[in-house]
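So this first bit is one chain, no partners, the form predicted on its own, shown in structure tokens.
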């Protein structure tokens, strides 16, 4: 075959791919002859994965002459006896794919092959040194080294069926790196007969435990390509990897493969898919899947499936349904464990339903005989701290001590954060001392809370000193740490320091979140820099961040406090019936802003709009309206509003009496 005919055939193969390979080849210049030659004659390799090579721009690296020589010798071997060497072609394809994928380099590939051959093949006599050139090779002027020729001859004259069948389990148990796993996989694919699927599953499991999920899926695909009879365990590992990578749809595609291959999925398969949907916040789809499992009797849900579904329901605050599912477990004979109870207790505590949480806790301990663990107690302590019920917190800590349940670092972090938010920084520091005395190391969460505590008390020097010392403690500030310090600067009206810190976040490779932008917006509005705030808001939106209720309230409040009520009202009407306008706080801000700007008619219209929107005015809403009416001298209407408070179920407080009395005196 001449060079020109080879090139034309390659060109013919390129036509459907819009010439992408041809362009690449032209850029390669010197390796042109080699790459064109190598791309054509081996159908086992080239034709089986052209899309992969083209997507990688053919070769994203430079191949050396020794490797090209070695490679052509390999091709010659395959072409001489293509049928007898078909298994070898599959193995070499795997090696070459690893090379193109950047997993190994060319020297590693040659070294692997060389070491394998010398380890597993008993050599007799001298190596064959005859060149294995294709008919067209003389025109390509390829020079072969003895190294490459001898390897080619070895491949040509023997097979891998004589490889020693040493046990793999002990080696699998020692797999600690991805490269080691790939080496072991290479060796397993060389064995004839192939090792059992159990061995392959053990390797897949080891790779997935190292959290190399994409590599695990790659190995699973290779297993399928070389004909390993994958079973339900193989499928489960692959499905779990998909779900861990937030590719649950691919997991369902593998489930369909299970049915096509007559592989029967079992309860673990469905619990994995259920967990994947919940990870992706697809709770409604998870509910549908759960109901189908029961309705069509695809499997009998176990405690893991129930626990997963309950976790999903609690994630979106469906506590009542979660408790109902807990009752269903009992009815169907599936005993709930401490994980199930702790999940619901934690959700109830987050929703400040602390009494319901303790009822469930007592049911778990007294009626079911299930012992609580540190997670259960931590959830209860968190809920009590949020409600400032410190006596109960002390009681629970004492109870943990009696049961010899040691508080975790998270337990201590919750206490530190709660003390700091209450302004009790001294007690927070005492908790940190206890952490250190116990031989534990405070983490970035601990110190972020302490920095926030200093900032809330206006102790910015202490906050900055602690922030600067984090590196010496071996800790790296995260966005939460920066947000704490930034909010402190904004509340202290040190806007330049805050702006400098804001830009430092991106310089450190971190990404500002909605809390970061909200804090900066509040600081800019407080110093009257409305234009800068507007630019920052536009930047926030360009970063794909959507304003939440807090951000929206900060913007409306900032505009109103800077006498830009018309702009605030314009934004309010632009938002329309969005959920952002479904909070009484928004109306309070606008009514107060309009009242202070002597736009009482607008304030009255907004107050009237509250009941039309199905919202309930609070005591603060009435106080704002009474204050505005008194300011305008409309005492009769103010008195009527005062009387209306009692009828609405919101009795006047001290502020109400003070505002009304001040209106009569003035």
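For the two forms, the rigid core is made up of the largest set of C-alpha atoms that agree within 1.5 Å on superposition. Numbering follows the first chain given and starts at 1. This one's a predicted model, so the numbers in the text were calculated from it and none came from an experiment.
What comes next is about the form predicted in complex with the DNA, which is not displayed.
Trainee: I need the one stretch from 466-474, 591-599, 413-421, 558-566 whose residues put non-hydrogen atoms within 4.5 angstroms of the DNA in the predicted complex.
Mentor: Flagged stretch: 413-421.
Trainee: Counting any non-hydrogen atom inside 4.5 Å, which residue from 182, 537, 213, 268 sits next to the DNA in the predicted complex?
Mentor: Checked against the cut-off, the match is 268.
Trainee: So the DNA isn't shown here. In the predicted complex, which residue out of 513, 399, 300, 440 has a non-hydrogen atom within 4.5 Å of it?
Mentor: Checking each option against the DNA in the predicted complex, the one that comes within 4.5 Å is 513.
Trainee: Indicate whether the candidate residues 325, 527 and 621 are all in contact with the DNA in the predicted complex, with contact defined as any heavy atom within 4.5 Å.
Mentor: None of them does, since no heavy atom lies within 4.5 Å of the partner.
Trainee: Any chance residue 261 has a heavy atom within 4.5 Å of the DNA in the predicted complex?
Mentor: Result no; residue 261 lies far from the DNA in the predicted complex.
Trainee: Although the partner isn't part of this model, could you tell me whether residue 290 comes within 4.5 Å of the DNA in the predicted complex, counting any heavy atom of the residue?
Mentor: Judged by the heavy-atom cut-off of 4.5 Å, residue 290 is well away from the DNA in the predicted complex.
Trainee: Is there a non-hydrogen atom of residue 340 within 4.5 angstroms of a non-hydrogen atom of the DNA in the predicted complex?
Mentor: Residue 340: contacts the DNA in the predicted complex.
Trainee: Using the partner position in the predicted complex, report whether residue 209 sits within 4.5 Å of the DNA, counting heavy atoms only.
Mentor: Taking the distances in the predicted complex, the answer for residue 209 is yes, it comes within 4.5 Å of the DNA.
Trainee: Which of the residues spanning 373-390 lie within 4.5 Å of the DNA in the predicted complex, based on heavy atoms?
Mentor: Contacts from 373-390: 373, 374, 375, 378, 379, 382.
Trainee: Would you say residue 464 moves between this form and the one not shown, meaning its CA shifts by 2 Å or more once the core is fitted?
Mentor: Residue 464: C-alpha displaced by less than 2 Å between this form and the one not shown.
Trainee: Note yes or no: does the Cα of residue 199 move by 2 Å or more between this form and the one not shown after the core is superposed?
Mentor: Residue 199: C-alpha displaced by 2 Å or more between this form and the one not shown.
Trainee: When the two forms are laid on each other by their rigid core, does residue 393 show a Cα shift of 2 Å or more between this form and the one not shown?
Mentor: No, because once the rigid core is superposed, the C-alpha of residue 393 moves less than 2 Å between this form and the one not shown.
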